[in-house]
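Just the one chain here, laid out as structure tokens, in the form predicted on its own.
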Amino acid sequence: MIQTQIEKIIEPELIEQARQLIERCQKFVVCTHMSPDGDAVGSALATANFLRHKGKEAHVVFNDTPGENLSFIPGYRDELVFDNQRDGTPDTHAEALKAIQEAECFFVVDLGTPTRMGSMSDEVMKNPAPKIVIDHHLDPSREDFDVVISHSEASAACEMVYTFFYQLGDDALLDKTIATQLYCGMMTDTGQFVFSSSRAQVYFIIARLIQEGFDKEKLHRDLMLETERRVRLKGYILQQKLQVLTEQKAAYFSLNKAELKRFNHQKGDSEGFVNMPLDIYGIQISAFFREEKNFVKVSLRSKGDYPVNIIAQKFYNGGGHKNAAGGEFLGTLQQAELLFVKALPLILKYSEN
């Protein structure tokens, strides 16, 4: 059987602690990071559906609405949103707040620091109910949570979520919907299995998920579909905005609020754009700066031994993996870009060690 090939990487004592909490509690809330990506949405939805299959009451509460670019994930907009940010989706703040306040246990997926939950973080942390983290990022904030299950070698939070189900002995609760949600998270967080997916464990889990009968090819096709506005925005970036620093093996670009408005930018429209410069021969480091209302959102990517998480931590109030990191900058767009250029020697220095 495929399952016998899957490595049990989660410590048994953590599995047992989580098992006892699941058995003891009835009302659960699953939450993830703000501006949820495919891995966040997939892992949160799959966890909630798993808990429902175990006879529990489970709500997913997103801090803000998932973008339309994730519409291929089953149930991507069927759950509660704490702050719809006036984006045209139904206002479910009251229901979300009630679910958080009444929760007897929380699952926190695809993040390891409370502040990454966004505006709902204070409400979640105010509730003394136990909190179980399932994550794959570096340095989780262990003092803030009760059970921390986090392995940075994992390809995605969805990989860890399936491993958690498997080690609980609940693989049989998998169904087509849960398998699809987990696969979508792994697919998107690895760039369709290009990045962070060299371990055999990844493919054993994929093989198990595919057994549930979803259309893998269709999911990949749907992921590649783009709106006209996204295609035009991409062309504008490549033609007008991209800055290439050949000697530093780096490239970067930015979008200000006027440009975002010009292209009618919607949530998710620029998802993955930060990876585009890495397709240029010789470019190892890429950065994307997007102007928001009170800050600049920073996305950093790299290839090989170039640790962009170092500058995310040191200069942009963020963090992440060696090759995929991000943060926020409380200054102007121009200052954020200049800081990146000045910080490049630090990345190059660490890549040589």
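Source: prediction; values computed, not measured. Throughout, we count residues from 1 along the sequence that is shown.
Missing here is the form predicted together with a small molecule; even so, the following discussion is about that form.
Asker: Does every residue of H137, K297 and G318 put a non-hydrogen atom within 4.5 angstroms of the small molecule in the predicted complex?
Answerer: Result yes, every residue of the spot touches the small molecule.
Asker: If we take heavy atoms and a 4.5 Å cut-off, which stretch out of 64-72, 318-326, 51-59, 23-31 is in contact with the small molecule in the predicted complex?
Answerer: Comparing against the small molecule in the predicted complex, the contact stretch is 318-326.
Asker: Please identify the residue among R230, R116, K249, R208 with any heavy atom within 4.5 Å of the small molecule in the predicted complex.
Answerer: Only one option qualifies, and that one is R116.
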